[in-house]
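The form predicted on its own is given below as one chain in structure tokens.
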């Protein structure tokens, strides 16, 4: 690791002229005047900084793009931090719209607002880091450095991220000049990965992984402990980089649906819906109402089986197998419902651009409705049994506390954030599918410990079951795919769009750029990419034997992070 103070000096302070009429904080504060649009706020912000009306372009999916000159950008970053903007993604695009070079997209959302802003910065092979202002930018910048070879000269962490030591120097697989092929790896790297070194009386390290017992994917966890309590945890992932984004390059939008489904096996529907939504926005395709209902039903089924796995896993990890059994049985029954409805336990091959590929008959939906009438009381009984065990509750309570103050700086989302007092849910705050008309209930806890995560996920299972029943009761007959899909895809214009979904783990973000009818750039950032970094904080002060429980309560995706 290296450090450099140049970043602080290169990022100019926001200055006292920032208008304070619309107070936005990092917590639950809201706009002083609720009717004031976020775009107005962003416009005023940019006028204060640059002294002129900014060029704001509304995107295909109601996101806003703001290109900035370098000086404006360096002034803007501290102002965004001061005003409580949350960095939700950062990615690079080469030769955007035929313009040579690299464009960095800094995606921000305003706290307590539904609007999303993409600040665009054109750079060459070297540029400056914003990680001292937005710490969550660190992983993104390292990812861009690996993928495109862009150096963030004053970054405080210049280590590789997804390119491990076996990859050769100068290898940057997201450059346009690189073609997918077998590469010559480095057999004996000269330098090992420089993990953080903590020294002191009684401090020792426990390395775990990357190969683990069981069938989970690889990840390395380096604990620094003093006695039993964890003093520091450093996570290293990205052991199986698959080149998902590069794989999409040059393919037709339809050919990329299986790629989106493969991002993370248990987020098949979420990622397929996110990808298809972005393409549909570019192509101007309107989804039939029945297809929107069906998508929402499948999305909620995906949430149910994902949470059921987490609930049973948490109980298993502290040695209560008898209480685990009901959750496993119910989860298996949900998988069978998935297979009955779609032909796939993970509902693969169901989502399509323009709607869904497979009709789900009214009779099949009625059977699902009947099953949920059995499922709900059995699930509630299983939850009641958990709450009767004081020793189980004792293990869950106060274990692995995630502090609320970390949520905005790290852009933590999903149940782990809602278990620590956050309210954000893409389905409600940036609705898609049918969620604007059929919003789910929010489930929020405040303690941020394992027990809170268990309670939030249990509540979300019931909320999803309730929502599915409502969707089935109100779904209309009609087309399941837009009649204009084939024509629209054949004549899809050049352009890009950003879409977001609330997967079981939280906010997944997909940005798709189509050029000459083919995918020119596909960027995915799942909730796991951000949420993994929260575990390093949640374990502090806990003992190592509690790590599996804490880790399971987060249930993050290795594959969904290591694209």
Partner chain sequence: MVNPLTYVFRPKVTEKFEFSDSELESLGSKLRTKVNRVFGHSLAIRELDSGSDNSTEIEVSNLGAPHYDVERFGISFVASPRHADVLLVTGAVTLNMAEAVLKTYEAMPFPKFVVAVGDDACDGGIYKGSYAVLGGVDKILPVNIKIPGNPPSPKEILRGIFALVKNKENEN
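Positions refer to the first chain, counted from 1. Since this is a predicted model, take the numbers as computed values, not measurements.
Beyond what is shown, the protein has a form predicted in complex with its partner chain; the following relates to that form.
- For the three marked residues, 271, 383 and 470, no heavy atom of any sits within 4.5 Å of its partner chain in the predicted complex.
- Residue 212 belongs to the set of residues with a heavy atom inside 4.5 Å of its partner chain in the predicted complex.
- The closest non-hydrogen atom of residue 406 lies beyond 4.5 Å of its partner chain in the predicted complex.
- Residue contact with its partner chain in the predicted complex: residue 441 places no heavy atom within 4.5 Å of it.
- In the predicted complex, none of the heavy atoms of residue 249 sits within 4.5 Å of a heavy atom of its partner chain.
- 238 is the sole member of 238, 105, 293, 152 with a non-hydrogen atom lying within 4.5 angstroms of its partner chain in the predicted complex.
- With the partner omitted from this view, the residue of 97, 437, 228, 332 that lies near its partner chain in the predicted complex is 332 [heavy atom within 4.5 Å].
- Of the candidate stretches 418 to 426, 471 to 479, 274 to 282, 169 to 177, only 169 to 177 has residues whose heavy atoms lie within 4.5 Å of its partner chain in the predicted complex.
- Residues of 313 to 352 lying near its partner chain in the predicted complex, listed in sequence order, are 322, 325, 328, 329, 331, 332, 333, 335, 336, 345, 346, 348, the criterion being any heavy atom within 4.5 Å.
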